[in-house]
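Given next, in structure tokens, is a single chain: the form predicted alone.
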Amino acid sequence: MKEESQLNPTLSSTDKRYNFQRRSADLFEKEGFPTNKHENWLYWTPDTFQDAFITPQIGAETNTESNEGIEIDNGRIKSEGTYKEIIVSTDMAAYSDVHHITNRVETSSLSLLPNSFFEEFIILDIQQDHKDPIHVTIKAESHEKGSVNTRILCLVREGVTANVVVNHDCIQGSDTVTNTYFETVCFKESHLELNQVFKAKQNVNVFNSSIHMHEKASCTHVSYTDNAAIMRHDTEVNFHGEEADLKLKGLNILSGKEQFYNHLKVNHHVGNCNCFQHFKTILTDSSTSEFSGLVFVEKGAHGTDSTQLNQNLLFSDSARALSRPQLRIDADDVLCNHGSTVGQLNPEEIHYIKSRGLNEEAAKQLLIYGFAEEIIENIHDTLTRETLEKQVKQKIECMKND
């Protein structure tokens, strides 16, 4: 007789969602908690936080209406129904035929935990065009030691154009660990701009992103992170239909002993698709970053155009940037390349700007901001872009003062 799993999903066995949670929990029990023996976990040991990760979900106390966008507190949606013609639902069973819902990303067994412990499976169903940005706020608002496991499915229906801005917010100095699974589905000929902004506030955060691209769909995904004690991003992309186009871009600013780990796998199951990855990190003090990306072009996926670029700017001898861009190509007639840079500001560029009348500190700040701006300028929501521009300039000013 099979031994009962030690992980206990939060839902009742009579709930239709229970089987999904049970499968996720059983798979996690089989794989085990990741350690530094795993190739993708060489540089930090998540078992330091194991008790917090598998502590039962910290739930929200209230479920009230909100008029300031879509708000998710401690894994629960504040209001269901219709928001600006977007269907907000927790009825997972109703969407099981719309999309084959996944329960993990390949690079991290921790992605199974939000799918084992969620109290609400939150669906954002975008069925009509939206010119104005859709704002979503995900909060972790507890000082208790434990995990906030949030599970979201965002559907962009066929032919729909939408702009979604997601703000992740945590309480300063909380013992809470956040573990979020955000699944995005871009159906045929849909167009999505998705911006993820992480205000980590010195917490431990794990973010799992699963992106599905269907025929002729396009998506620009931009992420921004700073002030994270430890931040782990795992992204898995699947191209299901031809002529799909995806741009993945990210900016991270690290100081002190902050750590950021960015792991991606892009699966080209079909041909004639485009994917462009561009991630930048600015590091100072004793901070650490890691980029590990794999582009996999399957047999028969001819005509694929997939690019990977990781750039790191270091301002301390103690800062460490690790970069592992990788390609696995099993098809012919493809255009795939990858690149990585780790370095400091170019002295010749500093000299050139100084010759135009700026002092050295101003010249350096201008160059650092120019390095960051290449990512930020891809955010088309004016308010979000201007807020991040101001925040980045403040961070650069602090670096100068330090």
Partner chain sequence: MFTIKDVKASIDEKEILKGISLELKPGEVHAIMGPNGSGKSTLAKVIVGHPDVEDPEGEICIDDKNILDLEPDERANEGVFLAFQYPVDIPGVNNAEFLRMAYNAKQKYHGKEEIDPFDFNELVKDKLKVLKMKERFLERPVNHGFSGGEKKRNEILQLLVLDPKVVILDETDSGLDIDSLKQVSEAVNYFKSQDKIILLITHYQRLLNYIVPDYVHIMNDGKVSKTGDKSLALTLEEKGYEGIES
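Numbering follows the first chain given and starts at 1. The structure presented is a predicted model; accordingly, all values stated were derived computationally and were not measured.
The same protein also exists as the form predicted in complex with its partner chain; that form is not shown, yet it is the one meant from here on.
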Non-hydrogen atom contact residue 349 with its partner chain in the predicted bound form at 4.5 angstroms
yes
Its partner chain contact at residue 342 in the predicted bound form, heavy atom, 4.5 Å:
no
Can residue 373 be called a contact residue for its partner chain in the predicted bound form at 4.5 Å between heavy atoms?
yes
Should residue 366 be counted as a contact of its partner chain in the predicted bound form, where contact means heavy atoms within 4.5 Å?
yes
Just one of 25 to 33, 332 to 340, 40 to 48, 349 to 357 has heavy atoms within 4.5 Å of its partner chain in the predicted bound form; which?
349 to 357
